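Here we start with a single chain on its own, the form predicted on its own, put down as structure tokens.
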């Protein structure tokens, strides 16, 4: 264990001991599962005599999460030792993730599936803390609803969420993303062939990329109407310039020696482009595709705030926040985050398959 892991272990065990001591001098009756977690947390200090495996810390974290979730309704008001147990569970989870990351680091490329366990554990810890804090501290639901309430809203609104997903993602985002990235790529090829375009069009593209989206979106709605076409136009504007700049930079990535070698083979411009420069530009192009995968979704959702038919993620967020249905707003946010993450992951997987030869893919 590293020094930081020892520090986490000491704080988690010490906090458990303090919570046990505090529970003995308070009038609250400690629930059995919470008491078991705290006592095991104190016993974990024995690790400095008998080393404990990292999976033991994972079991501590899981038991702590179960203990605080199942006993939150037992206390009213919530006693201090309960919050200390929540922090101790968080620390055991952090310690488990730290030790797992260190154990997997030398062979993470060969255990990509096991590596997903790290963000999953960390994300679940955040959700548990969110649930306990909002319910334990009686946070108003209009300020921050608990994850269980958002999950119930998602389960009861799957049909509506699917309609919004179709309108925003399948129509506006995918169409705008394909057009914006495709145009950016083609213009980059033209710029590469023409010094005049490189001097004249690149600064203009920089100017267009600096246009505020909240100003462009209502103009696009006026030009292309309230349906998905106006949102796709906004996405085209947002994704065009990142693809243009990255592709131009990528086309210059091939070294002078490699280009001279192609000339000695009497290779034409297109042969050099297809066999040397475009493969060298691959990491740059995929970098733009990954950036645009999230930009496109943001642009489409923001554009729907300025005019939309009665469907779409942006329209639903705008309408439901006005009715104070915050759980529905969070449900839309969760679906948008999930769609953006999956889209980014798909592009990253394609990148790994296409540019597997590049040094940046080693150990990824």
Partner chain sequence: MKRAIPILTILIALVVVWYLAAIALNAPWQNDVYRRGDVTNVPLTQFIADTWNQEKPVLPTPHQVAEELWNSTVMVAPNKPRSLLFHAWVTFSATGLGFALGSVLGIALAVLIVHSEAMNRSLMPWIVASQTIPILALAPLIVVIGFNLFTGTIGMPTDPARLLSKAIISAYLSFFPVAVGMVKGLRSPEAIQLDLMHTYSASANQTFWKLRWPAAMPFLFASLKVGVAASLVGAIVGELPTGAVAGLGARLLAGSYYSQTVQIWSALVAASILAALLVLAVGLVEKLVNRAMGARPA
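Numbering follows the first chain given and starts at 1. As the structure is a computational prediction, the values presented were derived from the model and not from experiment. What we label the rigid core is the largest C-alpha set whose atoms superpose within 1.5 Å from one form to the other.
As for the form predicted together with the partner chain, it is not shown, yet the points below apply to it.
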| item | value |
| --- | --- |
| Residue contact check: residue 179 to the partner chain in the predicted complex, 4.5 Å heavy atom | no |
| 4.5 Å heavy atom contact, residue 98 and the partner chain in the predicted complex | yes |
| Non-hydrogen atom contact residue 80 with the partner chain in the predicted complex at 4.5 angstroms | no |
| 4.5 Å heavy atom contact, residue 266 and the partner chain in the predicted complex | no |
| Location of the partner chain contact in the predicted complex, chosen stretch of 305 to 313, 31 to 39, 44 to 52, 66 to 74 [non-hydrogen atom, 4.5 Å] | 305 to 313 |
| Non-hydrogen atom within 4.5 Å of the partner chain in the predicted complex for each of 187, 257 and 276 | no |
| Those residues of 332 to 347 which, in the predicted complex, come within 4.5 Å of the partner chain by heavy atom | 333, 336, 337, 340, 341, 344 |
| Exceeds or equals 2 Å, Cα of residue 227 between this form and the one not shown, core fit | no |
| Rigid-core frame, C-alpha of residue 212, shift of 2 angstroms or more between this form and the one not shown | yes |
| Rigid-core frame, C-alpha of residue 185, shift of 2 angstroms or more between this form and the one not shown | no |
| Sense of CA distance change between residue 214 and residue 246 in the predicted complex, threshold 3 Å | closer |
| In the predicted complex, shift in Cα separation for residue 183 relative to residue 214, 3 Å or more | closer |
